[in-house]
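Only one chain comes next, encoded as structure tokens, the form predicted alone.
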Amino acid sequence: MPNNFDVVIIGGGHNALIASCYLAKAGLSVAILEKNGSLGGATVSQKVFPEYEARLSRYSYLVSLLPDKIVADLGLKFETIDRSVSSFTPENIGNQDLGLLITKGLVGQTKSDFKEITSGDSEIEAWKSFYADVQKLADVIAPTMLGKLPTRSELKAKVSHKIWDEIIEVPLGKVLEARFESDLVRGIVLTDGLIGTFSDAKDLVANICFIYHLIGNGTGAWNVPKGGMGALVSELIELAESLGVKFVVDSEVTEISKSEGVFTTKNRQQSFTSKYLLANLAPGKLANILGTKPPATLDGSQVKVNMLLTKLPRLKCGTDPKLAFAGTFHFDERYSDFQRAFDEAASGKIPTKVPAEMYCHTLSDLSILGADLVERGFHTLTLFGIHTPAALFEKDNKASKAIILERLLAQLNEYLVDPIESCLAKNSDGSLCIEIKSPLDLDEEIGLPRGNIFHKDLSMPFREDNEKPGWGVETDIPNLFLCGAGAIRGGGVSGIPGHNAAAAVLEAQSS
């Protein structure tokens, strides 16, 4: 049968491509069925503004969790660029414009910025102590991500430090209140627990998100993908093709059945049979195809704004914009800002102030721009607005996006000499080169349920002591495995569920 394979993968994101490469290298025949006209899912790079040669990572952005081992195993040339600046946060205290620059290693002006904003040295010392303790957690958890799930007790015994209870057992907000005095510093730390996650700071949901942001490759460093996220996709596609993987695009799966140990997967024109089936789509979307009850899951909760600039804006505090925007640029992300925004959004109101952060890809990597734009000094900015759950957009998606975008730009301009609108490139019709994507847009365009970038509620990266061993990709149906963000240890642009789903198939095949 021409459409008979050892493995069929539904969905063509980066995890599917990684799984297909591992499986094809092991000698299995593999087909990927992708509903859209191209592969890559959330990891594509696109000309967001067609009149300009600028290929932006439209949906996902920096890389942290992608293990070096996967890159080495598959012989990828994909590179990421380290950033010397971790973050910058502008602040106004007593009508004085200040800024907190946090550099890698806390070198340079970081110490003086901490002292000026927090009136002493205690907060930078608290910062050092907290992240040194978090590193103890990362050192233990990161090496387990490409193996079978460890148990809670196993990891706890290996960490053997109070940080286990602080991050795994106690709500993150309570820990930050105990560790830090500054509202601003507490907020900067908390942000890693809230990207894409609609959660009170005193809910353990924030802890799980925080863990995934801080353990990547054992360092938690968020690096810039050279050439944009599409560079990873392009290389994976080339490798998969060379290994004989079959791609079937414009192939939305409408039906899955299983008989005598063989899956039949159908789109509107064709049927495909396989012994193993991998799902590179959200568990809720898979349940819809299977006709089973989808799992309950939190709404996605962020807006993404893509911008093309003719120049970087100057800051009121006087910090060089090439330094301020080199890492993650936070604004209105104080601890109290997060709580206020969460309370407002939970009551169905668009936050009065939307906590936000952004980064400038082109300060680290100009290769995503055409030569003409590089010569003219163009840059890109990618902004994420937090505590903007899908429910806020249900009544009128377009109107809600317009309100939030207006608020975000006004908030940002409070810290700028040059209004951000004056820095944006213009299309030939006079419109500004800026777009905003809501959680509902992410659901419609790339299949993220209610815009949830993690596909479902996040899980801790271990199994409970009484649970069966496994890879974290298993489903209730034998030989049907998750290979996307909805797997345990699946969140983030990691490739981990792709690797682990392939490992589960190879293990099942050998048993």
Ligand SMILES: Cc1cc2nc3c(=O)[nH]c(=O)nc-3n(C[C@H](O)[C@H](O)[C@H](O)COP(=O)(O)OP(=O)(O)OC[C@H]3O[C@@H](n4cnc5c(N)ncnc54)[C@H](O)[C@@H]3O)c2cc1C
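Counting begins at 1, following the sequence as shown. Keep in mind the model is a prediction, meaning the values are calculated, not measured.
The next section is about a form of this same protein that is not shown, the form predicted together with the named molecule.
- Within 4.5 Å of the named molecule in the predicted bound form, a heavy atom is found for not a single one of P283, S301 and D457.
- Distance criterion of 4.5 Å from any heavy atom to the named molecule in the predicted bound form singles out A485 from the list V473, A485, L56, V30.
- The named molecule is not shown here, and in the predicted bound form it never comes within 4.5 Å of any heavy atom of K69.
- For S251, a non-hydrogen atom is located within 4.5 Å of the named molecule in the predicted bound form, even though that partner is not displayed.
- In the predicted bound form, at least one heavy atom of S60 sits within 4.5 Å of a heavy atom of the named molecule.
- At the 4.5 Å threshold, heavy atoms of L480 stay clear of the named molecule in the predicted bound form, well away from it.
- Looking at 22-30, 46-54, 446-454, 465-473, the stretch with residues near the named molecule in the predicted bound form, meaning non-hydrogen atoms within 4.5 angstroms, turns out to be 446-454.
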